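Next comes just one chain, in structure tokens: the form predicted alone.
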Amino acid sequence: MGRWLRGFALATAAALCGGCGQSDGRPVVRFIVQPDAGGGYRAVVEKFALARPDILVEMVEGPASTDSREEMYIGAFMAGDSPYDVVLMDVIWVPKFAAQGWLLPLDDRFPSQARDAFLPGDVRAGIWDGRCYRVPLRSDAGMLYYRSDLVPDPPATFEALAARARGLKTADRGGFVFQGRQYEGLVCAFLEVLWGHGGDVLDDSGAVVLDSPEGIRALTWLAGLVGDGAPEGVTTYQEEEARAAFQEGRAVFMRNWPYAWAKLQEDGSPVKGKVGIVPMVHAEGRESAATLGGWGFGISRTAKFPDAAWAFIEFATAPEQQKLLNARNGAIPTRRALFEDPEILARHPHYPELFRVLLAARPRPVHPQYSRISQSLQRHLSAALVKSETPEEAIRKAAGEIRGIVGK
């Protein structure tokens, strides 16, 4: 953590802790949230205040950067007495926070029968070392967008996607765009290709299996598209560059997150009404998979009132509040039944297709050192895309570095 941000996080924790524990005799529960542009989180807190006036919930609106909010939590945990009783976590924070002993296990409060109401990938993302630490609140997953006016029947395999991308490109239109820049988005895009080929980064025991024939085939496929079925410039694309290219008619296929749908359907969008979505394609004989994103609630091990914290988590993740967050903030629900809710479907008629994508969603490698694993993947995947390493070299180098990180 940077010195300034660590100091800010600790100063914030100290300031908040001046009133830690109780206010007017009531338990106080605090958590950090991203800027609440739609007002959904604030509305949930206000509803909880009416339902449970015996508990005071304080929402700390943090910076937009996910990394900065993570560092705020880490700084508070490292200070030894975090003022944040409830922890609103990105999916990739769970193993790091749990391995450090910063979270309370939720198995007794959130048993298997309760988990069955949620999307399976979102539930799996909250489990570390056999214990559950997170209740899913918002889901997210990568998927394949396509121009339904140009592609009446979307491809199902990598071979078919590559052939269509090459066949439909023109002088001013590429075939396939994705997040090809050296950052976390590239890892997310590659994992869908890797899983769709039957490969993985780590096996169930935590051993590195990236440098399998499937792993090499996956990167060979992705790197082989650059400058052919995908434009050369895709190696500089993040989410918004890919979305702009697709929305402006400069691509037929796009790998991106669900947020892009609403932008593609805005009035004035050149592709409004001309877009379909499907799960990312797969190799022959394999299955599609989507890289899981999303957020959920845990409880800090130093929470002074864990029962009050759980009361808020249970309330905030209930169907009514997930519907409210969907309406106000566009948050994708994590409860299965809400994908059949008439009010939600009236706003989001594409949700039946999105549900198929989310059912195939998988967490990124679940390991406390995931950030280092990702950094290694980012370097070598990018090297393969820009042709400074062959796909086989890139996979073998990344696998060797990751073995040094995880020790297997």
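For every residue, the number given is its place in the sequence shown, counted from 1. Bear in mind the structure is a predicted one, so any value in this text is a computation, not a measurement.
Omitted from view is the form predicted together with a small molecule, to which the following refers.
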| item | value |
| --- | --- |
| Among the candidates D228, D200, E241, D140, the residue which, in the predicted complex, approaches the small molecule to within 4.5 Å (heavy atoms) | D140 |
| Contact residue in the predicted complex, from G293, G126, G215, G174 (heavy atom within 4.5 Å of the small molecule) | G293 |
| One stretch from 91-99, 192-200, 112-120, 264-272 that, in the predicted complex, holds residues within 4.5 Å of the small molecule by heavy atom | 91-99 |
| 4.5 Å heavy atom contact with the small molecule in the predicted complex for all of V208, D211 and K408 | no |
| G185 within 4.5 Å of the small molecule in the predicted complex, heavy atoms | yes |
| Contact label in the predicted complex: W257 to the small molecule, heavy atom within 4.5 Å | yes |
| Heavy atom of R364 within 4.5 Å of the small molecule in the predicted complex | yes |
| Any non-hydrogen atom of T66 within 4.5 angstroms of the small molecule in the predicted complex | yes |
